[in-house]
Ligand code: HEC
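Before any questions on how it binds or moves, here is one chain, the form predicted on its own, in structure tokens.
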């Protein structure tokens, strides 16, 4: 019995180890391409560097390709004709050396790009595929039925009143004079109280929300979809908004950041983009609009320059969405780096927004409630080492976490100058 169990365990461990060794033995070509090559190369078309699909067929031999990837500058300096032709063709842009890549990893990258297929053209038609028809609702039917029932109630009530008056006439009982609703003291008093309450609510709510702009969604000079970038392509927020982790401001990225990718991504092949009003956006026109701001010539694959060699770029005049009063202090790095607060906590589902809008009210009450309810990244955080009492209580099991309010996060001077 024990021998059988031992054999079974031994076999299972052996299979797992072999599978692990196999995983290490086969480099992931796609992962290697995305981490080392994608910033300058596209498998299917020329970018900063040449298109990589079947490029190995243009190499003099396989060993030449390995040497080129490991140190292209050395191959160029040797006077090799193929190397110098590539170097001159792409504006003498030096290729980064990758001495850390093994020959097997280079083969894996080449195998991956050779098997990349062109994406199908986007279907801009209005026809919905079968099986994806929008669900029909009967809301209009329920509305008609409800209104009909209300009308029926009024008719029955009036009929009941008429029958009651007729019965009183037959019995000789005098009918009370019917007072119109608009002259009824009860109705007048009730309506007056309701109007007074509504007016008070409107005035107080308007005063409280003065200066706030929740759901504010201005038009931007370039239609930039966070859904495409942060959602579909999963670009980290900090790649563009690098300041969020290091400084008070999150930083609006310059066109140089955009051009790191869009030097080679000059067309859009994803799902159709639409504005909040439902108007379809020509994404390719937006990319060309970006090129104009950046001063990039997609034909020459180089920047337009003046006589002094300066790039003819124009900053994009983005419209600011999240505005805080001048007397309010907010530090992005304090929240993102120290407190480990996710971007979505304040900005909402940013990865689902085609056009960004202000998700949260950003009011003082909203911020204070967050400080009271949200536990910060307290342990393994040198910023909070001075709070020895709380560290001891966590070790003793008296508490599981610490909120910002417990460390003075609700004091006026924390956020107000």
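Residue numbers count along the first chain shown, from 1. It should be emphasised that the depicted structure is a prediction, and the values quoted were computed from it without experimental measurement. What we label the rigid core is the largest C-alpha set whose atoms superpose within 1.5 Å from one form to the other.
Absent from the display: the form predicted together with ligand HEC. The rest refers to it.
S.K.: Among 58, 329 and 343, does every residue place a heavy atom within 4.5 Å of ligand HEC in the model of the complex?
M.R.: Per the other structure, all of 58, 329 and 343 touch ligand HEC.
S.K.: Taking heavy atoms only, is residue 368 within 4.5 angstroms of ligand HEC in the model of the complex?
M.R.: So residue 368 counts as contacting ligand HEC.
S.K.: Under a 4.5 Å heavy atom criterion, is residue 384 part of the interface with ligand HEC in the model of the complex?
M.R.: Output for residue 384 is yes: heavy atoms within 4.5 Å of ligand HEC.
S.K.: Report whether the minimum heavy atom distance between residue 36 and ligand HEC in the model of the complex is within 4.5 Å.
M.R.: Contact with ligand HEC, yes.
S.K.: So, residue 94 and ligand HEC: in the model of the complex, are they within 4.5 Å at any heavy atom pair?
M.R.: So residue 94 counts as contacting ligand HEC.
S.K.: Using a 4.5 Å heavy atom cut-off, which residue among 108, 313, 244, 75 comes into contact with ligand HEC in the model of the complex?
M.R.: None of the others qualify; the residue that does is 244.
S.K.: Counting any non-hydrogen atom inside 4.5 Å, which residue from 71, 103, 334, 173 sits next to ligand HEC in the model of the complex?
M.R.: Looking at 71, 103, 334, 173 one by one, just 334 meets the 4.5 Å heavy-atom criterion.
S.K.: Based on heavy atom distances of at most 4.5 Å to ligand HEC in the model of the complex, which listed stretch, 152-160, 296-304, 281-289, 195-203, is the contact stretch?
M.R.: Result of the contact check: 281-289.
S.K.: Within 191-218, which residues have a heavy atom closer than or equal to 4.5 Å from ligand HEC in the model of the complex?
M.R.: Residues within 4.5 Å: 208, 212.
S.K.: After fitting the rigid core, is the C-alpha of residue 307 off by 2 Å or more between this form and the one not shown?
M.R.: No, the C-alpha moves less than 2 Å.
S.K.: Answer yes if the Cα of residue 91 shifts by 2 angstroms or more between this form and the one not shown on a rigid-core superposition, and no otherwise.
M.R.: Yes: residue 91 shifts by at least 2 Å between this form and the one not shown.
S.K.: After the core is matched up, is the C-alpha of residue 101 off by 2 Å or more between this form and the one not shown?
M.R.: For residue 101, whose C-alpha is compared between this form and the one not shown after core superposition, the shift is 2 Å or more.
S.K.: Residue 312 and residue 46: their C-alpha distance differs by 3 angstroms or more in the model of the complex. Do they come closer or move farther apart compared with the shown form?
M.R.: Residues separate in the model of the complex, at least 3 Å farther apart.
S.K.: Regarding residue 80 and residue 263, go with closer or farther for their CA spacing in the model of the complex versus this form, the difference being 3 Å or more.
M.R.: They are farther apart; the C-alpha distance rises by 3 Å or more in the model of the complex.
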